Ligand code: SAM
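Encoded as structure tokens, the following chain is the form predicted on its own, with no partner shown.
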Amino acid sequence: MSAESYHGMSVLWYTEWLSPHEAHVHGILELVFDGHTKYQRVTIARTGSFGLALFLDGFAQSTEYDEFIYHESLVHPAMITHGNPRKVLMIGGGEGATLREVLKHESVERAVMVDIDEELVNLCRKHLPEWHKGAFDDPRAELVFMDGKKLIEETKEKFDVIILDLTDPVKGTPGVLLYTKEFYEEVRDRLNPGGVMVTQATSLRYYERAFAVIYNTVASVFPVARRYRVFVPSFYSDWGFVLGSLGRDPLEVPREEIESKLTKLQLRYLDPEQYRFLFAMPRYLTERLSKYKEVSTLSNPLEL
């Protein structure tokens, strides 16, 4: 962060490097927290353009202006595709917003959120109440602080839906292992019959190859795999997701069922039209994605 003058005003600036060739500079109105947990640098600040924002290791994780676009798009297609999810596992999602969206489904009886960074979760609980809206205290919720990969490997419990709200597979970080074929096979084995998983799948603008490889990898493990995207203004990009299903295809869920469930949920972004639009890929993008044939494995993992 740096302080400079702008039109005679002293402004604190936070530079977010989106790629080696592009950056966005956020004007900071109020610095709420800036420090390090055991695992990462955490900055919570009120920005001029996006309101309150959470930055992790220099990148905007979610903002007051548009976090609901990301979280609704991550959670609800998988939940609706399953149809009647009772047990849900989330890996990541420290802000509590993923948990918030999961708990909107009345069918959910148990929602387990696993995050390695307890300090981050406590900071979000304190400073980002509009994200979690009390979800951490819901009696159906269970918080587990450990490595999500280790839990997947060790637990015998099975779930209806598994949501992977992970950091990107940046070279040299543990996140690389959470996008491999071997990990997705372990996730599949932790699902009940007809179970569904979904993972965040990076930026389509900055990491086009990564999005394609994540889809290829999920498709190598699950009988039904669908890639989809949504534009998130604070990410300056379409953001990718990949869904893997042992049961229904999200594009074959009856429209009446989608409409009924979304009406009950009363979301801010996702409606029946947007649900269908999530899965629509423009021709130029389909052609570009088709160039990538790789599958991420432990011996040859996807790395950014």
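Don't overthink the numbering: it's just position in the shown sequence, from 1. None of these values were measured; they are calculated from a predicted model.
The same protein also has a form predicted together with ligand SAM, omitted here; what follows describes it.
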Problem - Heavy atom contact within 4.5 Å of ligand SAM in the predicted bound form, the stretch among 272-280, 53-61, 252-260, 22-30 - result: 53-61
Problem - ligand SAM: the contacting residue among 204, 178, 97, 191 in the predicted bound form [heavy atom, 4.5 Å] - result: 178
Handout entry: One residue of 80, 135, 91, 161 in contact with ligand SAM, assessed in the predicted bound form (non-hydrogen atom, 4.5 angstroms)
Key = 91
Problem - Contact of residue 234 with ligand SAM in the predicted bound form (heavy atom, 4.5 Å) - result: no
Practice task
Answer for residue 152 alone: is it within 4.5 Å of ligand SAM in the predicted bound form, judged on heavy atom distances?
Solution key: no
Handout entry: Contact label in the predicted bound form: residue 116 to ligand SAM, heavy atom within 4.5 Å
Key = yes
Problem - Partner proximity in the predicted bound form: residue 101 to ligand SAM, non-hydrogen atom cutoff 4.5 Å - result: no
Exercise for the section: Counting only non-hydrogen atoms and a 4.5 Å cut-off, give the residues of 149-173 close to ligand SAM in the predicted bound form. Expected result: 165, 166, 167, 168
